[in-house]
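Quick setup: one chain, the form predicted on its own, written in structure tokens, and binding and motion questions come after.
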Amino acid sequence: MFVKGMKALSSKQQSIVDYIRRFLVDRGYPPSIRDIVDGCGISSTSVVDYNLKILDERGYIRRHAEVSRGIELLAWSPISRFQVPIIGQIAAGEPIPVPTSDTWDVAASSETLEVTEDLTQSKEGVYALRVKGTSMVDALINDGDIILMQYVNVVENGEMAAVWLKAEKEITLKKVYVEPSRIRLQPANSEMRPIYTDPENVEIQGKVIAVIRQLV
């Protein structure tokens, strides 16, 4: 429950509370500070410790310094949830032909997926795609999974992105590497070969920020 009168949390603090709650439900014991660093994508243990002190002071948690994993969750504040549009299917294998890049227009989607704020990482321009194929299995992205994407048109070397190949009118999910005079679209599957193409042929339409595993 949310306790009336308690101060509102920052997005990072809410993410920590949500993570502690999920960890307790899944494992039956509290997370360590290192677990929270890894699970919430926070830069350091000192940042986690700072925010845990605030949560303790505001009555969301109680910390027991003498106990290993000594975090007690007191206030089960509501999880922020969002509707993310599922705008289609993307190939993790050979590119899937689609009519035009307008196929990936977020506004055109009628199907949505409810996700929590910790998955969206409070980012703008988030959308979802269903994965078809197995070229990204070594990155733990399997056929049938749903990936959350942030709409961006530039990525760092090695980031996974939805790539529109203009000449082929095809979309594919790959790790993107800029090489001299070409772009390498690298599968995360040792049995598959990369795709090489001209930089002018590539349009980045988003990068992967989370994977929702389909267990059935």
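Not measured: the values here are computed from a predicted model. All residue numbers refer to positions in the sequence shown, first residue = 1.
Beyond what is shown, the protein has a form predicted in complex with the DNA; the following relates to that form.
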Point to revise | 4.5 Å heavy atom contact, Y50 to the DNA in the predicted bound form | key: yes
Point to revise | Close approach of S32 to the DNA in the predicted bound form, 4.5 Å, heavy atom | key: yes
Review point. Taking heavy atoms and a 4.5 Å cut-off, does R21 contact the DNA in the predicted bound form?
Key: no
Check your understanding: Heavy atom to heavy atom, is T45 within 4.5 Å of the DNA in the predicted bound form?
Key -> yes
Practice item. State the residue from V152, V178, A188, I54 whose non-hydrogen atoms include one within 4.5 Å of the DNA in the predicted bound form. Key: I54
Point to revise | Partner-facing stretch of 165 to 173, 152 to 160, 180 to 188, 61 to 69, counted where any non-hydrogen atom is within 4.5 angstroms of the DNA in the predicted bound form | key: 61 to 69
